[in-house]
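Take a look at this one chain, the form predicted on its own, written out in structure tokens.
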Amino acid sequence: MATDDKYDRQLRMWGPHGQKALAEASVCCVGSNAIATETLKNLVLPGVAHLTIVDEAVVESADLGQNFFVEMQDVGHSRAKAALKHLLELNPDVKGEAVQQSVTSLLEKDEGFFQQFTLIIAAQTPQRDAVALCELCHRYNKAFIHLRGVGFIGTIRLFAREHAVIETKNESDFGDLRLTEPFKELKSYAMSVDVSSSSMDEVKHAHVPYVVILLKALEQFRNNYNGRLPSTAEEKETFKQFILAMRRSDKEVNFDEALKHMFKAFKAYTIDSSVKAILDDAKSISGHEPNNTAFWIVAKAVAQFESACGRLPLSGTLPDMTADTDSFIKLQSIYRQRAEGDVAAVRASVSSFLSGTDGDSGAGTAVMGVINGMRDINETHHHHPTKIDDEYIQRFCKHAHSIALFRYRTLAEETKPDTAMKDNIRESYDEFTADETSSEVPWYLALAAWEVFREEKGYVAGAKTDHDHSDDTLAGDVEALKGCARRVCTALDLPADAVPDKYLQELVRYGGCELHTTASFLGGVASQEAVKLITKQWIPLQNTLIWNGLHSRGAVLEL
């Protein structure tokens, strides 16, 4: 295993736990074409554990102008093996295997083969096989990415039956300072700082943390306004004057920070509705059921905490601010200790759920017992969780205010007329009719027709030409593709001519050609989404990216 120094920069992005997820991930890629190798390159470099390429193709001369991971001497040999060889040269930490077999036969003879992988990528795979792989991923609860590129046009489609994200990196501007509902220790400390005292010297006064300033101003405001928060413009101005009244000099940067952040004192503590929905779902699960993931077990514990306390666990982090060392460390310690207490309460509930004693009353008593310091957690529960890392519980509690859950539709649901999201497609089509630059849905429809053509004809539109009849063949393919497009559009309740002819003519003109520039772009985005799915960090695509390289435009469409 490589040292941390090798992956230092990416560790700063997704942390040791994210790197651990990558280092344990096994990725299967169906296809060894340009889009496939450009995607895999960006997964090999950050250090996925294992890579498997499934492809029956051999290297042809055309591959040399498209795929940077095959060479002249590879012509006539397995493309999967050639690509794998060159990919693994990028990072000796990564192991790999090449399977020279068609995905169609593999699905027919040994679909269990795919159960071993964390993520399955299908690159330029025919629609029928892509749909089958997606259904398999739904059955086995695997993440799936479908990639398709024709000339300057391409799509990236994600699927996961259920994808839970703790670290969405979507932090609120308000943070988690609890200014409007300060806990006992925080309020006590803030009130103990006498900014009006003449005994406080100028340097000390200029380094009172803005959190303390806001808490003192808010306490003063509430005493004068029956405990309310500032809401009207007049009340907010009054609050501002309370802050200015404590200031001694306009050179005090800490008071500038208090004025800049005073909006944080105007909003009552709330829990985002999407987070609340997750916690409500979590309440119904049983912690000792074997199929429950760590996410749902900890979510249930956090839901129990929220029911008992009326709030989520404190994140325990402080933003940068002007403060002297002693004051900042003191404030930091107050937040950290409260956060640790909240984690201990959640940990107690997790332990209870895993041991099978997850009744609401018992868990609620455990939570309140730890919070109020009535007893030590070891006295409350003798059985500690062994299947959920404590680091995971801490991380969940720290980011509980921004957790997210995504459930994707399968490719079969997308492509069947009775389950297709016709309203979304129609809305995007209406945007296109109003302004052609505002929607890329015609390309989605054109590619759908292109897939129908490929399945019915057995070849890619525009790829079957000869020197004597190339124009006639292309014209025939265009007409046939128009017919496919009319059927696709009619099935989606769109006008039969919803796809302009120029889009279809462009696809036929490409003849199924892969451009390396398009493959590089799509591979970069696809690998980025793969990292999100593997590490369970950041918010992934919802659910399809349509890329129009002709005009350097992209659009995300939920299908």
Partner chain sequence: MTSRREAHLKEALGDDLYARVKRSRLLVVGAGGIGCELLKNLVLAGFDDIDIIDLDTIDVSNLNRQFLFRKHHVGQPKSTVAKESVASFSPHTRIQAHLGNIMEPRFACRYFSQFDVVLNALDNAKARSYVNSICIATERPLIESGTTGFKGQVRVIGGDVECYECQVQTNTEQTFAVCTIRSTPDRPEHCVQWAKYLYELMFGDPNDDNLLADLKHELKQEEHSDHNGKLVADRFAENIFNKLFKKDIEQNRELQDMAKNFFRPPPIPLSLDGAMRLTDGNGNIHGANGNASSSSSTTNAGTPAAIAEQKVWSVHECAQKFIGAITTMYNERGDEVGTLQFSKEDPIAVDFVAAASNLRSHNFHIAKKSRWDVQSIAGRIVPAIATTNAIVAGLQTVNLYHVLEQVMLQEKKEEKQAANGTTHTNGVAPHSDDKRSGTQQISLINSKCRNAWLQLWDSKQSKLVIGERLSAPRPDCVACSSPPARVTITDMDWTIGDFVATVIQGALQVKEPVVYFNNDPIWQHQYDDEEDDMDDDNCPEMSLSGRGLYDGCIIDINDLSDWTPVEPTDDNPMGKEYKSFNCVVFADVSVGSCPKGFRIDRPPKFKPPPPTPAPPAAENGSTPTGGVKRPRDEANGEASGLPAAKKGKSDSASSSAAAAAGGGVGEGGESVHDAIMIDDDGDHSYKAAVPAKPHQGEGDTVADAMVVDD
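Computed from a predicted model, the values in this text were never measured in an experiment. Positions refer to the first chain, counted from 1.
Although not depicted, the form predicted in complex with the partner chain is the subject of the following passage.
- With the partner omitted from this view, the residue of 438, 238, 337, 424 that lies near the partner chain in the predicted bound form is 438 [heavy atom within 4.5 Å].
- Checked against the partner chain in the predicted bound form, the residues 244, 268, 277, 203 give one hit for a heavy atom within 4.5 Å, which is 203.
- Within 4.5 Å of the partner chain in the predicted bound form, a heavy atom is found for all three of 502, 505 and 547.
- Taking the partner from elsewhere, residue 310 is found to have every heavy atom lying beyond 4.5 Å of the partner chain in the predicted bound form.
- With a 4.5 Å cutoff on heavy atoms, residue 541 counts as touching the partner chain in the predicted bound form.
- Put simply, residue 58 is far from the partner chain in the predicted bound form: not one heavy atom of it is within 4.5 Å.
- In the predicted bound form, the partner chain lies farther than 4.5 Å from every heavy atom of residue 162.
- None of 518-526, 487-495, 50-58, 25-33 except one has non-hydrogen atoms within 4.5 angstroms of the partner chain in the predicted bound form; the exception is 518-526.
- Interface residues of 7-39, taken as those with a heavy atom within 4.5 Å of the partner chain in the predicted bound form (partner not displayed): 7, 8, 9, 10, 11, 12, 13, 14, 15, 16, 17, 20, 38, in sequence order.
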